[in-house]
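There is one chain below, alone, in structure tokens, taken in the form predicted on its own.
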């Protein structure tokens, strides 16, 4: 069923979910958007295992953000005090959870986009009257991010094989190691980008103004049903957030 869904419908899912996640400020509404996005990604058979791994990384960032906001945002009830300094407040906890939900919603949106076939995604963007150049760059950007992650993993693995435990290093040494990590990652990314540009030019990219395609996307009755339900659900969430909560 995932392959039958038009990529333009998936783009609509992502636009609605991410827009609501950025617009809503109430934690209850953000939680509702998160679970709806999680349900959609499950139906589309997205890679939820990779999403769970990213959530684990985000938990450390969440703790840091809660502490920072509790220290600098004085509103809310004090929950934890240390030496007369407020470490945790109810407002800081609320804002930290809201930030975490927004980040998770963005990650879910990325997981939904990742279920699209790149060729169909490009054709969908073209049929949405987006110039082919921009559609092609969008698809390349989606493909390029996993390559950067692989480069980063390979660099970290190489450092660990040399017997360096980043977690046990001092702050100054960690900063130096991070500089050593990102230098080969960026160099590798630039090298791949250069090879990609040469490959694209050799294949005659932009040789003609008008580009034709044998692939034409058409909405199925299921696509129309999904679009209708998406608009209804989005409107319901907006009205609920505005008048009932």
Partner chain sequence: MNEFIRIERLFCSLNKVQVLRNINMTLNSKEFVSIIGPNGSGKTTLGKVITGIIKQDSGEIFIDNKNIKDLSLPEIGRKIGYLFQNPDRQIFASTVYEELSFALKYKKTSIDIIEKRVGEILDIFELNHLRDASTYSLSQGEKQRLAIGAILLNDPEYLILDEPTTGLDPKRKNELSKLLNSLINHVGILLISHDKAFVLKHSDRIIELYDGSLKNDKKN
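All figures in this text were calculated on a predicted structure; none of them were measured in a lab. Numbering follows the first chain given and starts at 1. For the two forms, the rigid core is made up of the largest set of C-alpha atoms that agree within 1.5 Å on superposition.
Beyond the structure shown, there is the form predicted in complex with the partner chain, which is absent from this document and is the topic of what follows.
The stretch from 198-206, 41-49, 23-31, 183-191 that comes within 4.5 Å of the partner chain in the predicted complex, counting heavy atoms only, is 183-191. Site annotation in the predicted complex: the residue of 140, 106, 159, 80 reaching within 4.5 Å of the partner chain with a heavy atom is 159.
Among heavy atoms of residue 165, some come within 4.5 Å of the partner chain in the predicted complex. Although the partner is absent from this view, residue 117 stays clear of the partner chain in the predicted complex, with no non-hydrogen atom inside 4.5 angstroms. Of the heavy atoms in residue 217, none are within 4.5 Å of the partner chain in the predicted complex. The partner chain in the predicted complex is approached by residue 155, whose closest heavy atom lies within 4.5 angstroms of it. After superposition on the rigid core, the Cα of residue 192 moves by 2 Å or more between the shown form and the other one.
Residue 156: CA moves 2 Å or more between the shown form and the other one after rigid-core fitting.
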